[in-house]
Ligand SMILES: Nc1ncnc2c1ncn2[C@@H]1O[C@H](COP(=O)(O)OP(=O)(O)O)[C@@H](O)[C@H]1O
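Starting off, we have a lone chain in the form predicted on its own, written out as structure tokens.
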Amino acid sequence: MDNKTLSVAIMSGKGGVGKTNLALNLGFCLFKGNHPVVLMDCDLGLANLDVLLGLAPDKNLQDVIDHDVPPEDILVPIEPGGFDFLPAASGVPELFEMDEDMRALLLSKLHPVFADHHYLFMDLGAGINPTVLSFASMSRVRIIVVTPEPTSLTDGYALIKVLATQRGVKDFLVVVNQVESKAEEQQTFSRLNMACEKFLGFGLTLLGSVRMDKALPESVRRQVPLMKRTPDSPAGKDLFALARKLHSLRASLLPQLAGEPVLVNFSSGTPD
């Protein structure tokens, strides 16, 4: 069967920039557009997607590894009809410290679940630990989330640099989160892009931005996705625009996806 699943790694150099909310709400947008979506919490040792959703899953990825539980048994429906969640565990060092072979084994077991969805969103932990680097290099699309804060840009650049030099990855989409204006979006992206062009020899692609919006922290407190609670809010409109761009990207990549596994090297666990 031809692959139709676009794998998207959502990551950041610095924590607290909003990547988990981005993954959740982009997934909800695309699901409402009749695309089955699976969210995988890839912050394996410090899982938090379940908290945003107000869920307490009975099983998680650790059960797939340690007890050979079928992945279908840990899949949690967020919304009926194809918006699903693969939960990780929190405070479990064995998951966080998995080597390449164990990660490849886990992903090979999960592959049938991935293949049932049009989109796989991988919510990665912040920073440059081996799990982040491995999952990021396996995905078809990589989204770097930054904010206008200098520390976010510095850490985002460090993540890009390590993926480029250690894994040979040189294609990244950028989302600038928590912006006040389009001018701030452009200025923030330009600073990061110029650093990559000057020191790494390649440029980045701006996917877009999400505005500061008090509706977003309110949706977090209520443990309901923003796109379900207040889709017409300023941030909601920005997220919808990002989802449309990802939808167009998937449509353009479908011929290439058909000849690839969902994760381009999950079977071998070797870096790109």
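Note that the structure is predicted; figures quoted are calculated from it, not measured. So that there is no doubt, residue numbering starts at 1 and follows the sequence shown.
Below, we turn to the form predicted in complex with the named molecule, even though it does not appear here.
Checked against the named molecule in the predicted complex, the candidates Asn193, Gln178, Thr131, Ser137 yield a single residue with a heavy atom inside 4.5 Å, and that residue is Gln178. The contact with the named molecule in the predicted complex, taken as any heavy atom within 4.5 Å, belongs to Val210 out of Val210, Leu30, Met40, Met227.
A residue is said to contact a partner when one of its heavy atoms sits within 4.5 Å of a partner heavy atom; Val17 meets this definition for the named molecule in the predicted complex.
Shown alone here, Leu216 lies within 4.5 Å of the named molecule in the predicted complex, counting heavy atoms only. Although the partner is absent from this view, Val220 contacts the named molecule in the predicted complex, with a non-hydrogen atom inside 4.5 angstroms. Only one segment in the set 71 to 79, 170 to 178, 151 to 159, 110 to 118 has any non-hydrogen atom within 4.5 angstroms of the named molecule in the predicted complex, and it is 170 to 178.
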